[in-house]
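One chain is shown next in structure tokens, namely the form predicted on its own.
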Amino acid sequence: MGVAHKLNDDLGAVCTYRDALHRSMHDAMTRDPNVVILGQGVDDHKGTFGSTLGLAEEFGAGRVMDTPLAEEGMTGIAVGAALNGLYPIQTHIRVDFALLAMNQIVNLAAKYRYMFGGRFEVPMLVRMIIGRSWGQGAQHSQSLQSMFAHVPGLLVLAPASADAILQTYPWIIEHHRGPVISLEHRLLYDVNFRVGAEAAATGDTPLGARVVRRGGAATVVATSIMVLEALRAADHLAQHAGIEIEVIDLNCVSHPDTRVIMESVERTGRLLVADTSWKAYGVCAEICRIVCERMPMALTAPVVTLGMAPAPCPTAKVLEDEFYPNLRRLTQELATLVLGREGRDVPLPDDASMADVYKRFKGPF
């Protein structure tokens, strides 16, 4: 039994991202006998990086099922299960593997409700793992949230904390009657979070954006692990330059919380968007579009965007560290955005890569 099951509801309880996932999976299966989990390795000794560990023994092989290397066929089975009253939670241990199931996800699951006039629903959760660990290379390290968010009918999440998992997953499983894509960053799994002490989403559902740090100098809209990087950069700037940055965890990529974003940008006048994927045609571009269409006069400086280099991910660690945006660059961009040329004189943090800070990888895989 994972640590997550020992948590109480007290503010400030500590929980890892992994344990939040495990608790969400366990609680969903306990509450609803129609919830089933399927995916490669969900029943083995690693249990999808620990997020499904022990569930097969507790709930049986009929509800926690290993699948062969046949992503489109297995996703088709999940879609069929959802159409017939079950709630499938399917896992892809890398988002890249979901590309083999795009016909089922994009052409079928996303469109069933529309094609049949609302008479058919496909409630299901598809968990996809993104993120780096040197040696993964170009085919195992993509971050494809924008590709899925582009498709009407798909709800796309990028939870950045244990709280986001614990608040969002139960809600979508119980209330959302359509397919959900959730991208979980691999480097977050071992990170400790204070459950209940973090900002909750705004609005009537837990899907909205979360203001995780208040500040008046500039707004950072970030996704996934870039939320944590933005918080580290904001803390550094507050300590070394007296600059207070506001950080917003976007949380829901497909349906961005425009009210929270615009209220913040209107107050700060400056915007930086930090995503885990490429900038072109992605989250960075979409947030810029929203601000430019709704309130361009709120900006007192051009928008700054950060994302992966416009190339496939290299395999060598030294090149991978250059491929991903780092803390020094994020801090420098924010300092310059707020102070102009004088921002170049602000001392910068060390240049340790995310893979060294959040999870020390010793080699490929």
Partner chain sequence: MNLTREQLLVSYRTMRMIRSFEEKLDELVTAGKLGGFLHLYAGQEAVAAGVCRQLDERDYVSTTHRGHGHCIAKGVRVKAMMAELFGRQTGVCKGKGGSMHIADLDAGMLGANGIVGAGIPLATGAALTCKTKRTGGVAIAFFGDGASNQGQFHESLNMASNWKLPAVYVVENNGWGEFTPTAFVVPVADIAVRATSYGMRSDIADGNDFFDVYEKAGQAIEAARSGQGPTLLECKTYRYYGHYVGDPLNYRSRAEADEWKTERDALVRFETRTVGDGHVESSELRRIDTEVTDELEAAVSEAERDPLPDPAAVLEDVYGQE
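Small disclaimer: the values here were computed from a predicted structure and weren't measured. Residue numbers count along the first chain shown, from 1.
The following text describes the form predicted in complex with its partner chain, which does not appear among the structures shown.
- In summary, the region of this chain contacting its partner chain in the predicted bound form, judged by heavy atoms within 4.5 Å and restricted to 270 to 278, 76 to 84, 186 to 194, 90 to 98, corresponds to 76 to 84.
- Taking a 4.5 Å heavy atom cutoff to its partner chain in the predicted bound form, the contact residue among T336, N34, T315, Q40 is N34.
- A heavy atom within 4.5 Å of its partner chain in the predicted bound form is found for one listed residue only; from V126, A149, I172, V122, this is V122.
- Proximity of S182, R214 and G216 to its partner chain in the predicted bound form is absent: no residue of the three has a non-hydrogen atom within 4.5 angstroms.
- Although the partner is absent here, E57 lies well away from its partner chain in the predicted bound form, with no heavy atom inside 4.5 Å.
- None of the heavy atoms of D44 is located within 4.5 Å of its partner chain in the predicted bound form.
- Contact check for D66: a heavy atom falls within 4.5 Å of its partner chain in the predicted bound form.
- For A70, a non-hydrogen atom is located within 4.5 Å of its partner chain in the predicted bound form, even though that partner is not displayed.
- Contacts to its partner chain in the predicted bound form (heavy atom within 4.5 Å) from stretch 89 to 104: N103, Q104.
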